[in-house]
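One chain comes next, on its own, written as structure tokens: the form predicted alone.
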């Protein structure tokens, strides 16, 4: 079945760090930190035990900022420096808000809560000058406690892009209730279910100051500005429960594999079609959603076509285009995706919990995607049983790839040995 991964290599579990205060030195790294990687790559654990580490970003000197989904000792942002042994040592923490988005651009650290975006002035070492008094650049964003995280990306023209996720599965009057009617037009799309663009240096912006850059995106956690194409790419979380809500149209296997998790290249004004359609990677078509007159087969040519489509329910939470020179040539300008892992593929095996790679050529996907780093979950491939769940990705100044885990607060460094 095209693009469908039918199995995962299950690795032996290893002893987890039991403490919460400092990174452990007990992790054995001669086994690639429990990961399976392509030949020539190695992985080490550079920090662990910090809880819900969501997105991450690195400084030009190898320092790392981490945004937390849950507060660690009352703080939501951690700053690490590299020690002599290559590990990351926590040197400061600040920000009393949880969230996901974090990025460095033009002398500022940008970070998001679930309703606001802040920026902190950096010194010449890209260290925050005043952690207590950030500038608030965006405020009043919607948070209905579902798909509430605000991921961010910045372009080279002083714009910041913010995901505002839809607080719904398919825009029914009663969410996820069998037989509940759908709403068209979907009122949620006025303030959620898309990407909003704001100015990166203007204070106290609200919806009225921004632009709804793209719509019809149920929820985007992973997004990145691709400097090779000068455009925004996003990873959408697809809708759920096709069989639960429409058992006469979908069997459990179809519901486990559909709809596709999609990568889109986004331009201003684009509409990816949620909730009216979904993408089916098995037939390579945009399928009309059953809530809006579909039968599992009716297709349409309307709406944006994905750049890449993956099997359903893998939960893509991180996206990073690779622009460095350390990795072999095949990885240059390609995309890494951190798949957080599924919860609703039963009776099929749960999937995801790995980092995938998509090769690109001339700004377009070029060839099949592949699993790049696997084994994060350990021996149990399930949300509650997984030891680690990939969430954020970042490229280090030396060209290494960093991966965060929001289950145990582990940060991995993946390098290529020439």
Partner chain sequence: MKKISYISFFTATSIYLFAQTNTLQDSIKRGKVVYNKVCLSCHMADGSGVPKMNPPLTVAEYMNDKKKMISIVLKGMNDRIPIDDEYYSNAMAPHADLSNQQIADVLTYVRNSFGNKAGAVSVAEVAAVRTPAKPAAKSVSNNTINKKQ
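Numbering follows the first chain given and starts at 1. Note that the structure is predicted; figures quoted are calculated from it, not measured.
There is another form of this protein, the form predicted in complex with its partner chain, and it is not shown here; the text below is about that form.
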| item | value |
| --- | --- |
| Interface stretch in the predicted complex with its partner chain - options 285-293, 86-94, 151-159, 237-245, non-hydrogen atom within 4.5 Å | 237-245 |
| Its partner chain contact in the predicted complex: residue 175, any heavy atom under 4.5 Å | yes |
| Contact of residue 57 with its partner chain in the predicted complex (heavy atom, 4.5 Å) | no |
| Contact of residue 145 with its partner chain in the predicted complex (heavy atom, 4.5 Å) | yes |
| Residue 74 within 4.5 Å of its partner chain in the predicted complex, heavy atoms | no |
| Its partner chain: the contacting residue among 344, 326, 139, 82 in the predicted complex [heavy atom, 4.5 Å] | 344 |
| Residues within 4.5 Å of its partner chain in the predicted complex, restricted to 386-418 and counted by heavy atom | 389, 406 |
